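Heads up, the chain below is alone and in the form predicted on its own; it's given as structure tokens.
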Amino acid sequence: MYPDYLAGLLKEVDRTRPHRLGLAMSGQPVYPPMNAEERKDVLSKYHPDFAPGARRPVRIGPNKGEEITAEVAEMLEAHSMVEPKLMDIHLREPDYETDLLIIGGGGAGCWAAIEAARNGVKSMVVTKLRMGDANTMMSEGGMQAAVSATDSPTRHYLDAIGGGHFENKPELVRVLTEDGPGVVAELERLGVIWDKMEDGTMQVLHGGGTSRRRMVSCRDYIGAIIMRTLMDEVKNHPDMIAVREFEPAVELILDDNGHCAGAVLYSLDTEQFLTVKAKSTVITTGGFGRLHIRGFATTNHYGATGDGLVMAYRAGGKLAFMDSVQYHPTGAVFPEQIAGFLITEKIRGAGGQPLNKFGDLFVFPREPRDIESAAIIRECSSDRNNGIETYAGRAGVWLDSPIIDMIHGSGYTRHQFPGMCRQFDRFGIDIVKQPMLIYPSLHYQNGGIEINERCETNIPGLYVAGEASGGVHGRNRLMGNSVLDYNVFGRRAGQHASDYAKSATVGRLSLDHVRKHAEEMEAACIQTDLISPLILPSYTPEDVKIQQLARLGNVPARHSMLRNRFSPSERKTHLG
């Protein structure tokens, strides 16, 4: 339940609701959408991407000289866990061998394996944690697809391009939107139960930046429902699909022709390196939310540390749009136990309204995500000082959820948002009767490894799908397009990577690219003892970190897993 110090501010929400409800019921805009100049202004002044120090040039690799997110640049300019001289990859017998290697066990990875099996190609899925421990599982609100009579893939295309600030790769957006209706039908055939109207037609709702009602859903459990369905289908093909859990990939393996030929894994159980030889490889490792860009809380699952970016970059893979990060406008601020927890955009699509401490609307509720987030940050900034502060030191604004039942009728919220209701019920907050306290939360990796419509990278034999890829969303993603993304491109990656594997031959295995990466770091005079990929984030208390850091002086930098837990700034602060 909310503490007494917030009681007066809750009354302000109740005070202004009758007027806001009247506007919503009349069909009038409850708040005017921003024009192009207003959007540009709020983004440049308040979005975290534009804050001082948010970006810097990366000093090595295929994107050398480009300004990218600073925390990502740090990971790309780090040492490998693997020392090529000690591994002798060309002499070592592979621990595993497969036609198609899939790195990542989320929605895109499952689709790649399913399509490969349909194509008669055996695959192996290697995943950091368990199958399904992925951002796929975390999505709640819905998936965009042009399935209604008033919609079309063309309209969907225009919305997605506009939402990405007209910087998306057009060929990828075309594929995304044209494949959408087929994905909906295929998922239903596999067992997904979509929300439907009484006449049997698909229920579709609005999301931020959409010109048509296009959001298909499974209450607020869409990620869990799709993930369960795809995992079940993977298990239906044990003769074609092998799964290795708790064995994350840490480096790609190339052959002497420069083609991708598998990966080096690190067993979390035995702490040993393992090798996989493969004719083609698909990266489906998801995003980087657990890097906590700009110090933000995140909606992402525990293993989302951007591993695919690091591995592909060391191997020569080109990245795209790595200067852009998405913050979901509505992450939980209170209670503290769920800080950063995703509150689906579907709440605002159903009529929920963001309000400041005076109970006033200050932004159109369905602006594109980056605009909505920047407006909320502005409201809480010292420029306006209209946010609500908690005793834990967080600030936020109200998201008026009680108004939803008043618009749609009693019982609507608990029927459409059972997951949301259950999450807040645990803490004595009934979102049918009380608003939620929210603030933007680090949510999505807009950029990634550059691909074409066949999911190919610039490295032969290497394919990418889902959040790890870059180009389809430009510099901002609209709600529901990520769910469609991993379904569309996961399928395509499986199709094209398995076709490639049928005729591919693997040459002499090599880790020379890892050695060259180290040499390039030395030539650029990069001084760091950070090791990447990070694999898992650390939430070690500060006093314990200080004790652990004191030990690092006696631990070789290139071979210490302990060093992955700390940023260079932490090491500098405590060790000098």
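Computed from a prediction, not measured in an experiment: that's the story for all the values here. Note that residue numbering follows the sequence shown and begins at 1.
The form predicted in complex with a small molecule exists for this protein as well; it is not shown, and the discussion that follows is about that form.
- Proximity to the small molecule in the predicted bound form, taken as heavy atoms within 4.5 Å, picks out 121-129 from the listed stretches 121-129, 233-241, 145-153, 491-499.
- This chain appears without its partner; in the predicted bound form, the one residue of I449, A249, A374, A113 with a heavy atom within 4.5 Å of the small molecule is A249.
- V483 is the sole member of L254, L462, V483, I347 with a non-hydrogen atom lying within 4.5 angstroms of the small molecule in the predicted bound form.
- Using a 4.5 angstroms limit between non-hydrogen atoms, P435 is distant from the small molecule in the predicted bound form.
- Heavy atoms of Y444 reach within 4.5 Å of the small molecule in the predicted bound form, making it an interface residue.
- A residue is said to contact a partner when one of its heavy atoms sits within 4.5 Å of a partner heavy atom; A320 fails this definition for the small molecule in the predicted bound form, lying far away.
- Not displayed here, the small molecule is kept clear of L101 by more than 4.5 Å at the level of heavy atoms in the predicted bound form.
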